[in-house]
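Only one chain is included here, represented as structure tokens and corresponding to the form predicted alone.
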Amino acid sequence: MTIGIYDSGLGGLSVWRELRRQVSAPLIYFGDTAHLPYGDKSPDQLMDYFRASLAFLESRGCTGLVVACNTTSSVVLPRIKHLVKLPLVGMIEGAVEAASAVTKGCIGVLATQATTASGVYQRAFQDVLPHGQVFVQSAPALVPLVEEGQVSGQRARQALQSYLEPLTARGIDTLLLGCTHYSFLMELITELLDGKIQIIDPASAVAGEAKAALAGIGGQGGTTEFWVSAQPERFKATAELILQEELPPVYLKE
């Protein structure tokens, strides 16, 4: 099986980083960088991007798919998942399961505008924690910052403070990172919350879910092919900066 990993840009690399440790299958990563950020796009636009990206990944031989994008998982998959022939894994179920396992009942979620507007996390947590409280905070500045490689500077710190303060004021005990890009801000988020709130990065849980769902492939050592829809040089340079490792060539999807 060849597993495709799909995101708007760099964020899905947080899932890729975990998945490659758990599977030996070949991986193909596609970042739809021509259309990022996804958080301010309409549902119809997001649907079009997903269909085009899915067709591309199928053309490259993918037989399973990880939608490593919370916005697409929130807005598109509920509408189209039953029509997709490939086995696929989205972000929402794994994220909710991971947060529900540790919370004392008051959860904050940082998410994109589109994910926040979808209400998907409120509904999902209602099913598993009917007596819990869930507060979702839109954080539109964070994806552009990560895409610029700004994961540790003053701009990122100030943006995070403005988004975290409304959640901490609600008394949350658990913070769920509701966008894969936010994983690369974990160091700053941890510092700002000062150990007082449990932080859930769902990348590892989703990778484990993907391993189980996509034929239970195990082991290590699979190769990865990287593709983007715009600016492959910029993607590679920023990815290497935030991952602190060298990547193979990144190809441009025409």
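Numbers follow the displayed sequence, beginning with 1. What you see is a predicted model; the values in this text were computed from it and never measured.
Note that the form predicted in complex with a small molecule isn't included here; everything after this is about it.
Using a 4.5 angstroms limit between non-hydrogen atoms, residue 30 is distant from the small molecule in the predicted bound form. By the criterion of a heavy atom within 4.5 Å, residue 65 is excluded from the residues contacting the small molecule in the predicted bound form. In the predicted bound form, the small molecule sits within 4.5 Å of a heavy atom of residue 179.
In the predicted bound form, the small molecule sits within 4.5 Å of a heavy atom belonging to residue 36.
Contact with the small molecule in the predicted bound form, judged as any non-hydrogen atom within 4.5 angstroms, is confined among 126-134, 148-156, 70-78, 100-108 to 70-78.
Only one of 89, 172, 95, 143 comes within 4.5 Å of the small molecule in the predicted bound form through a heavy atom, and that residue is 143.
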